[in-house]
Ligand SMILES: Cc1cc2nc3c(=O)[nH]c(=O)nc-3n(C[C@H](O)[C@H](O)[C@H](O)COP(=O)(O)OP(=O)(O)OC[C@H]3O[C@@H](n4cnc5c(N)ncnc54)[C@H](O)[C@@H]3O)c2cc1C
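The chain below stands alone, shown as structure tokens; this is the form predicted on its own.
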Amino acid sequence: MDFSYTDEQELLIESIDEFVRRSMPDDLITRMYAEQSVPDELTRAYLEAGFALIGLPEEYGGVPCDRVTLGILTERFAHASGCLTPFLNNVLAVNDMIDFGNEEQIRLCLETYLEEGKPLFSLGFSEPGAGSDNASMSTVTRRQADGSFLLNGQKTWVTAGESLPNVLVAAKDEDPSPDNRSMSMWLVPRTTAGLSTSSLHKIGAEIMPFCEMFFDDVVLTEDMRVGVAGEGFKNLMKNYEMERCLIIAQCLGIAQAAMDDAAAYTGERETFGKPIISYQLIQQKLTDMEIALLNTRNLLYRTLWMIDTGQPVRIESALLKRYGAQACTQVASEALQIYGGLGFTTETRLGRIWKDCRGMEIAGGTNEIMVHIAGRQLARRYARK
């Protein structure tokens, strides 16, 4: 086992830290949360620095890397900035199009991304009655006599759905019943007749607002289909494991930022004439927080290493998501507690970090569905031969 960084990874970390110091002062981050958006100039700066290209195939203008390096980029950026940004979501969306789209769709998507640093589309997958249970989605397309399709249904938690020009929609083919696993993906312009949105207001991760989308007899044509007809369910499942790893990498990064603040504060804050770090209860909090961060980090990079080496990670990614999201939320909560009343104000970033971490216990699959995924597989793994 080698836990050291390569020279390239060390350089990447240094570059990230320098970028955040130069381009993301605290007042800008505060403003991004208040305005619920990332300034275009920051997105372009991230692109020009080359970070937006990391993890994309070389033939499409990207900088390919292993999954461990992509995890390092994600964690370190969240750690250095102490906030969540849409940059990870952007790379995942572009990779989805590269994986499933035709050459024309890929070209259009990459033209936008390489120019603006933003994807051409948001992701419309989840529904009010079908979050973790994708098979129960009821949004459906039905073929018409003229060869077109009518799309009807509702999507929710569509990140950037009201700001990006298109949405990549997953919908059942012909039959919306749970037994039908035949679904397809469609790239739908947001201005298409019959498509409407309604804003949803988060309690955390406000930089990345989401919305509901409604489809009322939206007319689709075959050229709007992304990927092979009927294989949308398989496509949905393909990237979940990597997505969960990178969600936890983000969560770990901001939880580490909370640890940085809280640990330093224990040496500065005095009660009864001495620093609070001298109290054993505070020492115990820091100790347990550090263990949680170390365990999450070890699980994260072991899982990414397994992906890089071609090993299945269905169990490991679910265990990581289940443990890591809760552990990071607890770290942020204890950091807030160490600050006391000050932590419960907007004078520190700890409340914001706690809310962002808490949302990660839901995003990408809830804690409960991770138990469902891992538990069944573990029973098979440990069955007596």
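As the structure is a prediction and not an experimental result, all values here were calculated from the model. Sequential numbering from 1, following the sequence displayed.
What comes next is about the form predicted together with the ligand, which is not displayed.
Considering the ligand in the predicted complex, the lone stretch of 257 to 265, 118 to 126, 278 to 286, 301 to 309 in range is 118 to 126 [heavy atom distance within 4.5 Å]. Relative to the ligand in the predicted complex, residues V68, L88 and Q250 are all farther than 4.5 Å at every heavy atom.
Although the partner is absent here, I362 lies within 4.5 Å of the ligand in the predicted complex, judged by heavy atoms.
Residue contact with the ligand in the predicted complex: I369 places a heavy atom within 4.5 Å of it. Though the partner is left out of this view, P176 does not reach within 4.5 Å of the ligand in the predicted complex, counting heavy atoms only. The closest heavy atom approach of G131 to the ligand in the predicted complex falls within 4.5 Å. Listed residues Q105, T156, N95, N180 were compared with the ligand in the predicted complex; T156 is the one with a heavy atom within 4.5 Å. Note on the partner interface in the predicted complex: the residue among R190, R142, R76, K202 having a heavy atom within 4.5 angstroms of the ligand is K202.
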